[in-house]
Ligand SMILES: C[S@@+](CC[C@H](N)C(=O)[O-])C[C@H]1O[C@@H](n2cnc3c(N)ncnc32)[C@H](O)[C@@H]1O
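Just the one chain here, laid out as structure tokens, in the form predicted alone.
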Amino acid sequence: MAALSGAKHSSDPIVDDEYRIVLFEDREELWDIHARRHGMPLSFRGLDRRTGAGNLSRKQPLGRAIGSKATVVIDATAGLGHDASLLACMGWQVIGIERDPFLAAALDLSLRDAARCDELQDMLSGQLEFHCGDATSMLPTMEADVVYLDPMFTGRRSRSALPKKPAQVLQALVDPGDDQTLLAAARDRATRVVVKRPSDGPAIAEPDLVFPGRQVRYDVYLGARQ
């Protein structure tokens, strides 16, 4: 499991603004002060893997944005690994990078859980790996066809509802990065960079291509390795 600086074992009650990884015999969960009987599973089992649902189709906006010629995709903002695992299930070789050590440890545990599920193991084995580090520094040493970015969205949100739990966790643990610097580093290493944005959110630069979806869109920036 990824090294987690400052980690410690504890059986004390969870305090406010604390997130804790709780280990069970058959699963791992992420708990906060609001968790009672169970926390958020550290697992990729929640992915909609039904063929008929079209979620894994490369004809969807995400698949079209990545492109049919791509083989290796670097997810440089891996977070909790949803998009990285989805891309791997769609058949791409995916390397995820996460700079927050706590989230990197959670990603390793999610991969461990995938090994317990035969279907996920078949789909992800050899297709998905994660690394802990700063993507801007790591990208110059890596090879990929596409770099995928899902930068932290800091725009306004409706006051009527809080974001879903995974988004709450990411907002609590990860500070927004330098999007422009990361985009420049990504464009130097890939044929294209795909940036996920809210459908009504601003672009981080003028994209070369746009693939709109219902709630998100994918802005595509052509890279230096054309």
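Treat the numbers as computed from the prediction; the structure is a model and nothing was measured. Start at 1 and count along the sequence shown; that's the residue number.
We do not show the form predicted together with the ligand, though everything after this point is about it.
Of the heavy atoms in residue 76, some are within 4.5 Å of the ligand in the predicted bound form. The closest non-hydrogen atom of residue 174 lies within 4.5 Å of the ligand in the predicted bound form. In the predicted bound form, the ligand sits within 4.5 Å of a heavy atom belonging to residue 103. The ligand in the predicted bound form is approached by residue 134, whose closest heavy atom lies within 4.5 angstroms of it. Distance criterion of 4.5 Å from any heavy atom to the ligand in the predicted bound form singles out 182 from the list 42, 47, 62, 182. Stretch 166-174 is the contacting one of 33-41, 186-194, 166-174, 54-62, since its residues have non-hydrogen atoms within 4.5 Å of the ligand in the predicted bound form.
If you take 85-118 and check each residue for a heavy atom within 4.5 Å of the ligand in the predicted bound form, you get 97, 98, 99, 100, 103, in sequence order.
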